[in-house]
Structure formats: C-alpha cells, structure tokens
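First comes one chain, alone, set out as structure tokens in the form predicted alone.
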C-alpha cells in the first residue's frame, strides 16, 4: 500500500519524506488556505515546491465545476510537473473531464467519492485514482471502511486499473484497516503514519536492553 500525506504543510511533507516511506502527497484548497496559501499564482508555486520535496505523485485540485473550466485548469496543473495528478470532483462534468484527461494521457484523481456507484463511474472514465472519504462517512454514522471493501470487490470483478486511494484517513487504525481491505493507497495526516511506529512493548523492550547494556559498562 502506498502512503500519501494529506497536507500543504511543507515541513510535515519533508518530515514524512525523511521517514523513507512516503509515496506522494494529496492536498486541496482548504489545506492550502490553512497554510495561508491563497491566490492562483501562489497555489501553483506551492504545488511546484511540493513536487521538489517528494518523489511520487502530487494531487493538485481544480476548483472549477464546469467542464471547460476543469479542462483549462487541469491542463495548466499537469504542465507544472510530471508528478502532478489532476484532482477532479465527482460530479457529472467531473466525469466528462476525467474521460478527456484520460484520452490526453493526463492522470487524474476523482475526489469526494462516497458511494460504489460513484467509484464505478470514475473507473469507467479511466481515473488513475479514486478517493473515497472514509472519515467523513464515519462522521455521519456510516461505515467508511465498508465502502473501501465494496469498491475493492467491484474493481477486482472487472480488473479496473483505477487505484483506490482511501482519503479522509483520521488515525492509525484507519491505515491498518485500509491495508487489510486492499486499498492501494491511503492519504492522511503525518500523525496517522507515525502512529504505526508506536507500541508499548517496543518502548519497554528498548528500555530494558539499554538498562542491561549500562549494567555491563
């Protein structure tokens, strides 16, 4: 499973990259605004800065909701760097845009997916990634992980090459559960990735090893 970090914070991206397990980055207008990145030119520059840090794919989101606008923005984003994957919303014109980009050889990430039907349409249109938002489904008392399982089943039935990118991952158990269910990618905060490092027996075992070593010196 690939590990993406969902942020626009360059320091966190660098920290995840230095860990040696980072495969890419996802971000969106809300995350950009959180870091004080506003204005089209500043946002485009920030995407380039992210690409300079990571080796893998960087999802860059269009903000238009009409086909013409999405195509214009998406082509502009794709020209920034070969690592860029154009992030397109799951709406009718979004599916049309994904098909257009697919035919042009531009990779896409279909975002804001909350159902199997939406994931099926994205795959049919040729999306590189589909992003089911599991945390947001959990927020409304719906099983987000079950959606991952169902999409995996459908994609395997028909050998769709679209990768399941589990988005809105909130914590470490989300990461583990997505791995069990066969998600191709997970994207979440740095804390969810670093949480995989932690276990009390590791801490106590290391403390004991160091204590015993000190006794012999």
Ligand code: G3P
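Numbering follows the first chain given and starts at 1. None of the values given here were measured: they were computed from a predicted structure.
Just so it is clear, the following notes concern the form predicted in complex with SN-glycerol-3-phosphate (G3P), a form of the same protein that is not shown.
For this ligand-free form, the site is classified open because SN-glycerol-3-phosphate (G3P), superimposed from its arrangement in the predicted bound form, keeps every atom beyond 2.4 Å of the backbone and C-beta atoms. Contact annotation for the candidate site: 4, 83 and 107 all lie away from SN-glycerol-3-phosphate (G3P) in the predicted bound form (no heavy atom within 4.5 Å). Residue-level contacts in the predicted bound form: of 167, 70, 164, 178, one residue has a heavy atom within 4.5 Å of SN-glycerol-3-phosphate (G3P), and it is 167.
Considering SN-glycerol-3-phosphate (G3P) in the predicted bound form, the lone stretch of 75 to 83, 96 to 104, 116 to 124, 132 to 140 in range is 132 to 140 [heavy atom distance within 4.5 Å]. Although the partner is absent here, residue 28 lies within 4.5 Å of SN-glycerol-3-phosphate (G3P) in the predicted bound form, judged by heavy atoms. Residues are counted as partner-facing when one of their heavy atoms sits within 4.5 Å of SN-glycerol-3-phosphate (G3P) in the predicted bound form; in 176 to 191 only 187 qualifies.
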